[in-house]
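First, one chain by itself: the form predicted on its own, in structure tokens.
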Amino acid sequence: MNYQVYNMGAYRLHCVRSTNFKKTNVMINFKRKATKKELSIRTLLPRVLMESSKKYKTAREMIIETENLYNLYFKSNCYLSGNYNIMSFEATFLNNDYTEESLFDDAIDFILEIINNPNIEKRVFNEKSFNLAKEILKEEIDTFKDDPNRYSYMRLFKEIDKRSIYASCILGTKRELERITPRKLYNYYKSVIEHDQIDIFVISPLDKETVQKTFAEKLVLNDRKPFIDSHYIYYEDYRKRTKIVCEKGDYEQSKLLVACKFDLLTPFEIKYVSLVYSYILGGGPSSKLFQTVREKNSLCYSISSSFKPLNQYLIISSGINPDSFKKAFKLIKKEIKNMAKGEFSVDKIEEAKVTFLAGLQEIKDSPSSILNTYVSHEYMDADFIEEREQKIQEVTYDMVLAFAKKVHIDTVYILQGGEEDAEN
């Protein structure tokens, strides 16, 4: 890929030139250190911005304009990325070759209108737009626990470390939400525009210089100091004795989460060896956990493992019968020990590599996925696709075995559904 980063003073512009796709993707990220007290207000802000702007007074007017722009797709999102909270705006629209020559400029004008020109009256957000977004967010907070997957992960992180930002609901709390006024939100908006680190990612067939010139003309902001802290979260130690927490909930089945921590990992282990290990342990129907816990013993509906590089946790997730916890957990521990004993084959390592390479090929077929690889490169120091293809081949049996010996079960969380007792 033809990739170039421009330092625009107030923001960095990441340009990827590609003629392989019919659409252009633009992502504008606002980044700052994540804090619990800002979760509610930061989640609310993009929702209010998406309700109206100075030019488009209602969400309906915005939708009509996206239709005029050949069905431009536009969305916003807030998410945690290690130590940071990212507020992201993303647009997808047709390339100029398939529409009018001015579509790229018109689309950028629309995106920046939503971000830069909010519907402000006397230095406060428009009350109608504010109240609409606030009520919707309040309902989402009320129903957060209805999603057992999201809720159980939050509870797991809380049991690992209650001080962690991940121990809180990403949506914030109703108590904090009620304290937010249109004026308070506008003051926060100004802080975001003036102080957040801004990264703009663009994948387009246009020359990089053309993209750079467009943003230089259309987006002029005051300079700010870049953040230098890593996205990675480092923990000091792991529990010598596994912490097990059970919580009852009104669900048909139970959710079992097992969080593993590690001895000190190298960057290569974080980026590559972890992927191979996790695939062999719980990466699909042929994995050790799936075959042992589900196929041979019928103790769960599903089971998988995934490595979280920014937190450096391995999370094993399983949907189990309410009365299957003890047996299932015993088998999970056994398979983790078997990995540390080297009870896996070179063939499984090669199978993991083939799967990983197939996933990289799928990324190449999607402009949005390609763009996210550059986001990962910027925030997580992830390698580019071509480097990943080469380095995954370097993983050996001995590397996976060494990694397996570093794994320690730290915290177990059971969200118990049904009528049975998880202690049975």
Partner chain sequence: MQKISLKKIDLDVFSETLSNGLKVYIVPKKEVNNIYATFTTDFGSNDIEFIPNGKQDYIKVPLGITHFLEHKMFEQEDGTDAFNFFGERGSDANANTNNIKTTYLFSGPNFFEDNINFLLDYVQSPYFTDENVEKEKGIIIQEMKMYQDDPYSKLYDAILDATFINNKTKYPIIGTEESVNSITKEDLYDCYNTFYHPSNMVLVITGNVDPEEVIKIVSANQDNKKFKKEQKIDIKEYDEPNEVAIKKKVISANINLPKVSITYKINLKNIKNIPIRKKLLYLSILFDVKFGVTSLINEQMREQKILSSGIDVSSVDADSHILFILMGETNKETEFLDAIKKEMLDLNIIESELERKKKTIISSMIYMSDSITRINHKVIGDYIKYGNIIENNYDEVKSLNYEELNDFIKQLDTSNYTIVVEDK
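Numbering follows the first chain given and starts at 1. For clarity, every value in this text was computed on a predicted model and none was experimentally measured.
There is also a form predicted together with its partner chain; it is not shown, and the following applies to it.
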Based on heavy atom distances of 4.5 Å or less, which listed stretch (179 to 187, 118 to 126, 300 to 308, 268 to 276) is in contact with its partner chain in the model of the complex? 300 to 308
Residue (of Q393, S369, S376, T58) lying close to its partner chain in the model of the complex, criterion heavy atoms within 4.5 Å: T58
Within 4.5 Å, heavy atoms only, which of A167, L112, I244, I136 is in contact with its partner chain in the model of the complex? I136
Taking 4.5 angstroms as the cut-off for heavy atoms, does K23 touch its partner chain in the model of the complex? yes
4.5 Å heavy atom contact, F201 and its partner chain in the model of the complex: no
Report whether the minimum heavy atom distance between K364 and its partner chain in the model of the complex is within 4.5 Å. yes
Is T35 a contact residue for its partner chain in the model of the complex, using a 4.5 Å heavy atom cut-off? no
All of N96, S191 and D223 with a heavy atom within 4.5 Å of its partner chain in the model of the complex: no
For the stretch 320 to 347, return the residues whose heavy atoms include at least one within 4.5 Å of its partner chain in the model of the complex, in the order they occur. I320, N321
